[in-house]
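First, one chain by itself in structure tokens, the form predicted on its own.
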Amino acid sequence: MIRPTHAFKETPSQTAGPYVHIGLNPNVTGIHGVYETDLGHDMKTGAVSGEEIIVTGTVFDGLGAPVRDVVLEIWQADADGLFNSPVETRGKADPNFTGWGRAAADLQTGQFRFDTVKPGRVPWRDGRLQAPHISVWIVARGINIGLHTRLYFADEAEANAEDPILTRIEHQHRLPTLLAERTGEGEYRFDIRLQGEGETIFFDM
């Protein structure tokens, strides 16, 4: 007998955790032997081309407190704007750069860090070049669905001014929430605010 589907009600969404770190970053939680290093920790597997950079930051909640149990994943092009992907048809990406990273925030300070390269420009679907950027996915206890945002570079003002995504954002005064600031040689700071004043722009993916 086929039961009518309306007999089953939708179950409420579940937030990530408390096991998100155990599953994604076991070494962070002190569980060793699953992976030598957690997947996504090493984005560079050899000598890479382009500018090597370090991106650090903190995810803040609506009260301005660091979110310490957050996990972030990033996805980006290499220094020449090519993706390390089997569907990349524009050329061969840097074989020593994975283009994908995963990091858990420090469980005490809430600060995250990625050792990566500054990405090149990637063409938009109509051929216009996008500004150098890194796609960011965020998950933590209390977040029902992973949040997507983008990291752009504040020192790429000319490229940012013609980026097809940045230029279509209605609230232009909020663009600084997507900009990583250079804090030193090869070092950038990108803080993410989940709510409240200075809330980061998130994208519906």
Partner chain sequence: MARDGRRRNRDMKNTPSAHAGFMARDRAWHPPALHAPYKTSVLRSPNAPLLSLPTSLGEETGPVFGPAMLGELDHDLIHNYAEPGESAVGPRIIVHGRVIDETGRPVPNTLVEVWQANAGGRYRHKKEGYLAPLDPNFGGCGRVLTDENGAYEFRTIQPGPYPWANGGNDWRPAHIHFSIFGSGFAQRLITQMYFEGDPLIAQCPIVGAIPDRAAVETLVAELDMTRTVPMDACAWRFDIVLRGRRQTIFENRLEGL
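Residue numbers count along the first chain shown, from 1. Here the structure is a predicted model, which means the values were calculated and not measured.
Just so you know, the form predicted in complex with its partner chain exists too; it's not on screen, but the next bit is about it.
In the model of the complex, no heavy atom of residue 47 sits within 4.5 Å of its partner chain. Heavy atoms of residue 186 never reach within 4.5 Å of its partner chain in the model of the complex, leaving it off the interface. Within this chain, residue 74 lines the site of its partner chain in the model of the complex, having a heavy atom no more than 4.5 Å away. Contact check for residue 173: no non-hydrogen atom falls within 4.5 Å of its partner chain in the model of the complex.
Shown without its partner, the chain has 194, 195, 196, 199, 201, 202, 203, 204, 205 in segment 182 to 205 as residues with a non-hydrogen atom within 4.5 angstroms of its partner chain in the model of the complex.
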